[in-house]
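Next up: a single chain in structure tokens, the form predicted on its own.
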Amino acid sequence: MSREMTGAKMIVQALKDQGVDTVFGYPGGAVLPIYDEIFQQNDIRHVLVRHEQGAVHAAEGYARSTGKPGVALVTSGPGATNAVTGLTDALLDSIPIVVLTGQVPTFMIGSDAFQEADTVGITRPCTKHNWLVKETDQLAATVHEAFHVATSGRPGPVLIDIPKDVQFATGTYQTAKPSASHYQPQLKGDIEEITELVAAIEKAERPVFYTGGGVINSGPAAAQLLRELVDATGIPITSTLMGLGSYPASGKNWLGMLGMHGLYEANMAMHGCDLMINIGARFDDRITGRLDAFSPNSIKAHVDIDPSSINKVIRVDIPIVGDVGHVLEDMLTLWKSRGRKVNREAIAKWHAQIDEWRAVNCLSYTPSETVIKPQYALQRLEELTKGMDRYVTTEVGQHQMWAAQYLGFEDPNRWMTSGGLGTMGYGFPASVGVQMGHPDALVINVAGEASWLMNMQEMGTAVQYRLPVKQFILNNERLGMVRQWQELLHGERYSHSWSEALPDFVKLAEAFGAKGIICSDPKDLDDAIMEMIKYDGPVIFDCLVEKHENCFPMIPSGKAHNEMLLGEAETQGVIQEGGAVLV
């Protein structure tokens, strides 16, 4: 079905046809025709952010918590360049978002016109694909294609640059045609490779599942299949930062997070396994540590929908290109049909070894009766909110790692954090996007004061739209992770890792029309957290914590998984020696 309409109207109609209900944006001259069309309809909600970076991070939070693509709308020039950080963040973490940018009229492109930038050129390296649409008749088809590319295969950000005259001109609107795209990623894995992996599972004595964000991106069915396979085989499972929630934290086979600040038992299991099954992770450097010492004696399998990810960092023995959900379904079916075989006696011994590593209690710390330890703050937050309809976002730094260590996630899509790019300023606007997608849920952004200040202006968005997002700031008055590295690696030379002019966060909250809470005494913490939860509106919680606490465990840069720094656990007499634990 085709009909005549303006380019601006095509954009709005195409968004409706794609099922979009929320757009995060900031208007400007080059997108005013689209904003005029948004004004004249009621099907799509527009959320006015305070900065274009905030728009893209909010779209990311919306996408990651709902499973639907997020949409951002920004103007030309600085509007588009301000979106670059969010686009790069989404690219590295495989988040499906569609960003619409305005552009100067086609006849002015290349003339250094007001608010002109080469948006397609600038964003080519940080998008999965991008388009400059110069013909109004191509506009609708391009929007439909953009959603297909963003959500198919390995998800990611796409961008459509739309000149202002194309928005004003009239053309023919085309509805979406599912078979029209040339982009058709491979979903089914090679059955011979899957059979080889199942055979390896049957014989393995020390197997481990290493899972990533690909499990969550594949959809709820993939996480359910993963849980069934893990529980049926009894194989222990760990996860990257991005994969938390794909297997429940309360599950009997859960090892905790892997990597630089992962749990001792998870890292030691990865180092000592004889079969490593990577499901939807990309062998990020924060996971692998020293490459030549990474899981040195294991058969390695890798399941990923992105062919370029396989053998890119780590050479694997069993490469399987395909969608995680499809491959897990075939794996489970094949394993069952072959008699549900595993080496149960050997796996029981493997679990016993893991229990010894777990007994180290790598997250131990020295509590205080006078100062709030950041670990304690997150333990209390977990205890008081678990079981609630809870979504957690984070900023980036020590607080992010502590949140990953101390908060438990039972389901996918409940944990939103910046993994690959490590974007300070991500968490607050992401929490806005999550709350828009889940208006009745408890949404908490675990933050550090430095990260939070990078996009503090989004408090205006939260107040305007009555979004009850809770900003739980672990305030150590330091750039905590930077300070930690300076202490451990740079001779305690604390070069510019603190601010001498922090705001009064309670007054700041009140200035925006929100609620501010401050807490510095461990005895008052539970009551203050409950006050934050019960308040029906946005809250800034200023939790004053120990200033020089370090985040452990930690794999130092260039070290292997069995060369962790354990912090408090080491002071209790724990020594690592060739992978063994001596107490």
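Residue numbers here begin at 1 and follow the sequence given. Quantities reported herein were computed from a predicted structural model and do not represent experimental measurements.
From this point on, the text means the form predicted in complex with a small molecule, which you will not see here.
Heavy atoms of every residue among 396, 454 and 478 are located within 4.5 Å of the small molecule in the predicted bound form. Among heavy atoms of residue 449, some come within 4.5 Å of the small molecule in the predicted bound form. The small molecule is not shown here, but in the predicted bound form it comes within 4.5 Å of a heavy atom of residue 482. Not displayed here, the small molecule is kept clear of residue 235 by more than 4.5 Å at the level of heavy atoms in the predicted bound form. Within 4.5 Å of some heavy atom of the small molecule in the predicted bound form lies at least one heavy atom of residue 424.
Contact annotation: the small molecule lies within 4.5 Å of heavy atoms from the stretch 398-406 in the predicted bound form, the single such stretch among 158-166, 398-406, 340-348, 507-515.
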